[in-house]
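Here we start with a single chain on its own, the form predicted alone, put down as structure tokens.
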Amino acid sequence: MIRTLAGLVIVLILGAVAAAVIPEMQMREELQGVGYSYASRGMDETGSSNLVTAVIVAYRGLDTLGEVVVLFCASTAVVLMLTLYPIGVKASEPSRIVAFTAKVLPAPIMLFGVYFIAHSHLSPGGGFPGGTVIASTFLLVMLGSSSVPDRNGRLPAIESLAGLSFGLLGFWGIMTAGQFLNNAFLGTGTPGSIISGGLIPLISIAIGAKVASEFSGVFKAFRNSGGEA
């Protein structure tokens, strides 16, 4: 009871603060500072029609490196915990609908994920969302059967190669242009064309492969911890 009342009081206080502050907030009609610089010069400097991807991959490349490291640490921790403390739940037989879906949809879903990654410099998308879409095909195939996918253990190799490629491309920018993930040395191309964006498409591919392999590795760890049906 006391905990409920305390939570209610906190919610009321936060609501009162929000009610007092929000009316005073005003949206700027024009971009200023860094935002204006990105919007006015981003396409010319990076060759990317998608300024969001340009900011994430080019201008704030070190932040993206940190996000990749955080994702790696999180997936490694999950796999380690499932290895040391298996959940011990046997995989159940999939229903007919799931089994049929797992045979029909993985290819279209993976193609959509590849499109997400390959066109991230042209339209909404990127390595992170594209990688999760591709990983969902791994999950779907796993749910459609009672076996353990990737018995040959290729996922760690793909993850390592993708991470190494990301780092090498980033440091290549330092050596040639003096900035991590600077894509100017490859040429920006014509914004809007598939061959444009300099280094951005390659970085998106590396991030997409790493994200897809890491999430797929987590899914595989859940199946391994429960054993085969």
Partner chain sequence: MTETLMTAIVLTLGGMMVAAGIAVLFVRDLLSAIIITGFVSLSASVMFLLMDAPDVAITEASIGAVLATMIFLWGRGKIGDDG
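Numbering follows the first chain given and starts at 1. These numbers come from a predicted model, not from an experiment.
We do not show the form predicted in complex with the partner chain, though everything after this point is about it.
The stretch that touches the partner chain in the predicted bound form, counting heavy atoms within 4.5 Å, is 44-52, out of 30-38, 197-205, 162-170, 44-52. Mapping the unseen interface onto this chain, Leu139 counts among the residues with a heavy atom inside 4.5 Å of the partner chain in the predicted bound form. In the predicted bound form, none of the heavy atoms of Pro156 sits within 4.5 Å of a heavy atom of the partner chain. Interface membership of Thr132, defined by any non-hydrogen atom within 4.5 Å of the partner chain in the predicted bound form, is confirmed.
Contact annotation: Met110 falls outside 4.5 Å of the partner chain in the predicted bound form, judged by heavy atom distances. Contact check at 4.5 Å (heavy atoms) against the partner chain in the predicted bound form: none of Val69, Pro94 and Ser193 pass.
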